[in-house]
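Below you'll find only one chain, the form predicted on its own, shown as C-alpha cells.
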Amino acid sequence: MSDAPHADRRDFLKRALSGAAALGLVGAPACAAAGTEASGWKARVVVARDPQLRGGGSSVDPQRMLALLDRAMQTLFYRDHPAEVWRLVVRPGDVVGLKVNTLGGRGISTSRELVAAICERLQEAGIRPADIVVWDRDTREMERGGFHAAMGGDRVQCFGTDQVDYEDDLAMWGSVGSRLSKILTRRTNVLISLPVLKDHDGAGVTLGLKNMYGAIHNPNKYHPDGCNPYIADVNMLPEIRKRLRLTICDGTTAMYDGGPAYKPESSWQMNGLIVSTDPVALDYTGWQIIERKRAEKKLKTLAADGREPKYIATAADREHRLGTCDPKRISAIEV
C-alpha cells in the first residue's frame, strides 16, 4: 500500500461510498429507528475475503491469513502499514484478552491461524507475549477447538475461565445479573472479540455481541425471546464495555443455518473476516451476509423463520447506544 498511498486512499473512499450497495445491506425499520448518531457520522465495517485463503486445500494458509488481516485492518483504520494500525488499538503495557469462540468444536471455532496472526501483530506493536491472553469459558472446549492450553512463562497465555473462576459478586445492568470471568476483570485491560460468523437457533445469528455470553457464568439464563434484550444488556456491563476496542469476526468457515452447533451441511467457506470497532454495525453486517447465503440456498429469511435477530436493534437503541444498525449510517467496505 505504501507505494501509492494517495491512489489507495482514493480507492478506499470509492469502496466506502459503494460498500453498502455491494454487500446488499437492507434497512430494517427497527434499526433505522434505533439510530441516534449525528447525521454525518458512519460506522465503518470491513469485509475482507481471500478466495485462496486455503490455497486449494482444507487448511488455512497462515501467511495468507496474516495478509488478509493486514488488509482488513489497514482499510478499517485507513493506514498504510500494519504497525501503524495496531498502535492505534493497543500500547505497550496493555494486557490484551483475545476472546475466542470455541463452543462449536474444531469445525466452527475461531481459527488458530487468525489468533496467531493477531498475536504476531500485537507483539510487533510492543505487547509482551505473556501479556496476551487467548481465552474462552472452558479450557477443554478451547482444546477441542484446536487451541493448546498454556499458563505461565514468557509466552502467549491460553486458558479458560474454569482455571481462574468468576467474580463472586454480580455485575448488573438492565435485565442481567452475572458473575464475570476473572480473566476479563483481573487479567486483562483490553478486550478484542474474535467471534465466528454463524447462525443461531434462538437469536438468529451469533456474532460479536453474543460472544460476550462466554464471559459470564450464567448464559443459559439469557436465551428466552431470541436473547433479547439480554445480549444487549450483557454488553452494557461496564467491565465489558470499557475494555472492548475491536471485533474481528472469523468467517473462514461460516454457517447459514442449524447453529450454533457445527453442522457441516449448513456451513460454507467464506474465507473472510469482518472487522469493526462498532460491534452493532458488525453484527448487522454479518446478519446480512448470512441472509444472502440463506437466499442463495433457497431458505426462508430469519424473520420468516421466526428468528430475526432483534437484539441488534436493541443494542443500538437510545437506552444502550452500543453502536448503529442503520444501514444508512454504516460504511460497509469490501476488500
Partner chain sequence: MFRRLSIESESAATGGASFDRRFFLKCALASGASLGAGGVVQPAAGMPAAAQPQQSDAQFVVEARFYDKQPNRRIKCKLCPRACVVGDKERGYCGARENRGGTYYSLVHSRVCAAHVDPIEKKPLFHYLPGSLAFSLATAGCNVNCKFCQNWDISQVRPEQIAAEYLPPYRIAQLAQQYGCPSIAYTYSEPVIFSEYMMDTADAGHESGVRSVVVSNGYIQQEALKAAYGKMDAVKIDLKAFNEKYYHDVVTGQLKPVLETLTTLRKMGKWTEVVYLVVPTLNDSEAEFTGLARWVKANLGPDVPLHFTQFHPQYLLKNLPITPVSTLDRAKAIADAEGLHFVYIGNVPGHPAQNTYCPQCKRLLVERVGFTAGKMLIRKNACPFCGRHIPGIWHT
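Positions refer to the first chain, counted from 1. Note that the coordinates shown come from a computational prediction; the quantities given were computed from them, not determined experimentally.
The same protein also has a form predicted together with its partner chain, omitted here; what follows describes it.
**Q** May I ask whether G93, M151 and M212 all come within 4.5 angstroms of its partner chain in the model of the complex, judged by heavy atoms?
**A** The answer is no; none of G93, M151 and M212 reaches its partner chain.
**Q** Please pick out the stretch from 93-101, 120-128, 171-179, 235-243 that is in contact with its partner chain in the model of the complex, where contact means heavy atoms within 4.5 Å.
**A** It is the stretch 171-179.
**Q** So in the model of the complex, does R140 come within 4.5 Å of its partner chain, heavy atom to heavy atom?
**A** Taking the distances in the model of the complex, the answer for R140 is yes, it comes within 4.5 Å of its partner chain.
**Q** Could you tell me if R71 has a non-hydrogen atom within 4.5 Å of its partner chain in the model of the complex?
**A** Answer no; every heavy atom of R71 is more than 4.5 Å from its partner chain in the model of the complex.
**Q** State yes or no: in the model of the complex, is some non-hydrogen atom of Y262 no more than 4.5 angstroms from a non-hydrogen atom of its partner chain?
**A** Yes, Y262 is a contact residue.
**Q** Heavy atom to heavy atom, is D201 within 4.5 Å of its partner chain in the model of the complex?
**A** Yes.
**Q** Check each of Y166, W86, F159, F77 and return the one that places a heavy atom within 4.5 angstroms of its partner chain in the model of the complex.
**A** Partner contact (heavy atom, 4.5 Å) among the options: Y166.
**Q** Find the only residue in R187, K221, R112, H81 having a heavy atom within 4.5 Å of its partner chain in the model of the complex.
**A** Of the listed residues, the single hit is K221.
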